[in-house]
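Laid out below as C-alpha cells are two forms of one and the same protein chain, each shown alone and named structure 1 and structure 2.
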Structure 1
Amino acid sequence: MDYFRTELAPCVWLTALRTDKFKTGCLSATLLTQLDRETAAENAAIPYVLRRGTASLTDMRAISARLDGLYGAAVEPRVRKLGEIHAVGFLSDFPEDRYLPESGELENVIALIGELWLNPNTRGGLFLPEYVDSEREKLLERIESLRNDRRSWAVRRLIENMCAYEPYAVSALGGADEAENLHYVRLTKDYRATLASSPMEFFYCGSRSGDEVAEMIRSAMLLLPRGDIDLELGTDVRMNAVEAEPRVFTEEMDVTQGVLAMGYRLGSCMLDPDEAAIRVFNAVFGGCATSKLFTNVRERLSLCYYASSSADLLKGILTVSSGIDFDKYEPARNEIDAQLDAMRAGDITEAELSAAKKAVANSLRQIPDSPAALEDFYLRQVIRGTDASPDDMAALAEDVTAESVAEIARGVEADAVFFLKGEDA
C-alpha cells in the first residue's frame, strides 16, 4: 500500500492508502476534540443530527435515496474515545469505480460528506428541534444499553471510579444527565464552535492516488470554517497509582455471575512508549489464549470463567476483566496479581513469549485485510505522532525480548478494583 499524508487546510489532514486490494473504498472524516464531561454528549450527538438531513437532502429518506443512487454506498456516524480525545465524524464505504459502469463514485461520496458537515438542514440557522429531540432519545437509549453487557459494563465502571478526576472517566457517548439536557439551540452553537476550532482528519483507502483525493476533499470542504484551532489536544498520562493500596469499588446488580475488573497504570514505560513491546507484554499477561491469566487463573486453577487483559496505549492504562463465582473474589484477585508478580520477576517462558509475539504479529498483519481496521489504526498512529504501518509494528513485535516485557511489568502499578456482584451475594 502506498502511504500518503498531507495538510489540506489549517489543521485539516488527509491520510491516504492507495491499494487495489479491495472492491470497496473507505473514507472517513473525523473531528478531534478534547474529551470533557460537559460537552461529550453534545459532541456525540452532532454526527447523528447531521446525518438526519442537509440543505438539499432534507431528511434521512432523501439521504438514503442519494446513497442508493451511489450504488449502495454507506455513510454512518462514528463516535470514539481515543485516550482523552473525542473523535466524532463519519465513516463511508462505497464500490470502487472499476466495478461500476461509470466513474465518479468517490467524488460523489466526498461531496455528500462535505454537505453533511457544512450544510445541515436548519431553520433560522438552527438545527431542527424535532431532529435534535429524536437523536437525544436515541442517545439516551444507547447510553442505557451499555448496562446490558455486564463484562464491558464492569470495565466501564472500573474506569469511571479509577479515573474519577480525569477526562478518561467520561464515556464516548457522554453521560445521561448531559444527554437529557440536549437542546437544539445550544447544540447548534456547539456544532459551529467545534467545527471551527477542531483539527480534522480524513482517511482514505482505495485505488485513487492521494493527490487526487486531496483535491476532491479540498473542493468539498472549501467553506470549512477555521478559527482558533485547539492545538493542545492530548491525553494526560499518569504514571502512578492514586493511592498506596488499590482502591476497591463494588456494585450490586441482578447477575448470577460476578465480574472482577482490575485497573493498573502502565507506569514508567509510558515516558517513551514502545508500542510493540507493550502489545507483547499485554499478550503474555492476558491478551491472548496462551496468556498467563488464561492458562493459570482460568485453566489450571479454575478460578474464573474467563480472564483477559487490555492495554490502552494512549492513556497508559491496563485493565483485567474476569468472570467469577461470587465466593472466588479474593483468590481470583490474588492470583491475577500473582501472575503479574511472576512477570516482574522475569518468569516468562520461551513458549509464552513466542506465542504472545506470534499472536500480536498475526493480529497486526490482519489489519490490512479491513479498510475500517486500517482507518482506526492510522488515526491512532496520528494521535501518537507516528506513521508506522501494521507490518512495521508486527516486525517490531517479533523482536521483543522477555527482559523488555519484564521491565514493563516492573513499572506497572495496581490502582483500582471493581467487583460487580449479585444482589444476594
Structure 2
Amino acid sequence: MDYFRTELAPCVWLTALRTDKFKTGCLSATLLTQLDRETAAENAAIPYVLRRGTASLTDMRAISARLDGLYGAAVEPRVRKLGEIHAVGFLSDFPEDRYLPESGELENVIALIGELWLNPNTRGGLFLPEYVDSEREKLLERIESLRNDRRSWAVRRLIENMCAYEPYAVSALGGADEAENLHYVRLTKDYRATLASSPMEFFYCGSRSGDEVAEMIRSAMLLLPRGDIDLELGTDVRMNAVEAEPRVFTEEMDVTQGVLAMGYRLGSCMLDPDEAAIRVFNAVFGGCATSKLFTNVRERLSLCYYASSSADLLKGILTVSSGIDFDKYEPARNEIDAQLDAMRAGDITEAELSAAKKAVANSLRQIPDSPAALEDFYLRQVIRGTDASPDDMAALAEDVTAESVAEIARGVEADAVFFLKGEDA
C-alpha cells in the first residue's frame, strides 16, 4: 500500500493509499474545527444541510438517485469528536471501476463531493430555510435519541459531569440548546466562515495513484475559499482528578439493569504519551477478552455480561462501563478499583501482558484490511502529528513491558463515577 501525502491548497491536505485489494474505494473530505459548546451544533449541522441539495441536484432525492445510478456509491455526513477537535465532513465509498460496466466512478464521486461543499442549493445566497429547519429537528431528534442506548448514554453522562468545565463535555452532535437555536441566516454565515478558516483533510484509499487523485480534488475544490486558517487547533489535556475523591453522580431512568460508568484521567503518562503502551495498558485492564475486568468482574464474580474499558488517547481519559443489577453497585465498583490497584502494584502476569499485546497488535494489523478503518486511523494520526502506520504502532505495542504498563496505572487518577439506576431502585 503506497502512502502519499500532499498539500493541495493552503491547509488542504490529501492522504492517499494506493491498493488494488478492495472492491470499493473510499474518499473522505473533512473540516477540522475546535470543539466548542457555542459552535458544535452548528458545525455538526453543516454537512447534513449541505447533503439536502446542491445547485444542480436540488434535493435529497436527486442526490440519492444520482448515487444509486453510480452503483450504490455512498456519500454520507460524518461528524466526529477527536479529542477536542470537531471533525465534520463527508465519508464516501463506491465500487472500483474494474467491477463495473463503465468507468469514471471516482471522478463522479469527487465532483459530487466538491459540489456538496462548494455549491449548495441556496436562495439569495442563503441556505433554504426549510432545509435548515428540517435538519434542526433531525439534529434535535438525534441528540435526544442518544439516551436509547443505555450503555453509551451512561458513558456520555459520565463525561458531561466529569468534564463539565472542559469543551470535551460536548458531544459530536453539539448540545440540544444550541441545536434549538439553529437559524438559516446564521448557519449560512457559519458555514462560509468555517469553510474559509478550517484546515481540511481529504483521504483516499483505492486503485488510483495519489497524484491523479490530488489533481481531481484540486480541480473540484478550486473555488474553496481560504482565509486565515485556524492553526491553533488542539486538545487540552487535564492531568489530575478535579477533587481528591472521585465525584459520584447518579441518575434514574425506567430501566431493568443499571449501568455503572467510571471515569479516570490517564495522568502523568500524557506528558509524553507512549500510545502503544497506553493501548496495551487499556487492553490489560479492560480492553480485551483476557482483560482483568472481563476475567474478574464477569467470569469470576458473574456480576455482569459486559465490563470493559476504553481510552481516549487524544484527551487522556479512560472510561469503564458495565451493566449490572442495581444492588451490585458497591461490589462492581470495588472490584473495578481493586483491579486497577493490582495493576498499580505491578500484578500483571506474563500471560496477561502477552495476550494484551497480541490483541492490540492484531487489531492494529487488521486496519489495512478495511478502507473505513484506515480513514479513521490516518485522520487521528494527522491530529497527533505523526504518520506512523498501523504496522509501526503494532511493532511498538509488541515491545511494551509490564513495568511500563504498571507505571501508567500508577499515574491514573479516578475522577468521577456515574450510575444509571432504575426508578426507586
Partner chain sequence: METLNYPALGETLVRHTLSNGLRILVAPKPGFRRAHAIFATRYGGADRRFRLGDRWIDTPAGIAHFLEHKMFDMPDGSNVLAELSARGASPNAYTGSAVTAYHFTCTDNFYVNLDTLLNYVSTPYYTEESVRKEQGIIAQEIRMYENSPGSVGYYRLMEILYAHHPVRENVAGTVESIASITPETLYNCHKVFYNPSNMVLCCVGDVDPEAVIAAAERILPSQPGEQPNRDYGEPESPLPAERRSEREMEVAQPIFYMGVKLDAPKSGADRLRFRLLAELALDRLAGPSSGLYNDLYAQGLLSRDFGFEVDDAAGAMTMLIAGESRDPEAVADALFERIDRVSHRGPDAAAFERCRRARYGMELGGLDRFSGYAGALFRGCMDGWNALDVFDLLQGFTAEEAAEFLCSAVTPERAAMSVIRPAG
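By convention here, residues take numbers in order along the sequence of structure 1, the first being 1. What you see is a predicted model, and the numbers here were worked out from it, not measured in a lab. Whichever C-alpha set is largest while still superposing within 1.5 Å between the two forms counts as the rigid core.
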**OP:** Choose between structure 1 and structure 2: indicate the form predicted in complex with the partner chain.
**Re:** 2
Original post:
Is the C-alpha displacement of Cys304 equal to or greater than 2 Å between structure 1 and structure 2 once the rigid core has been superposed?
Top reply: yes
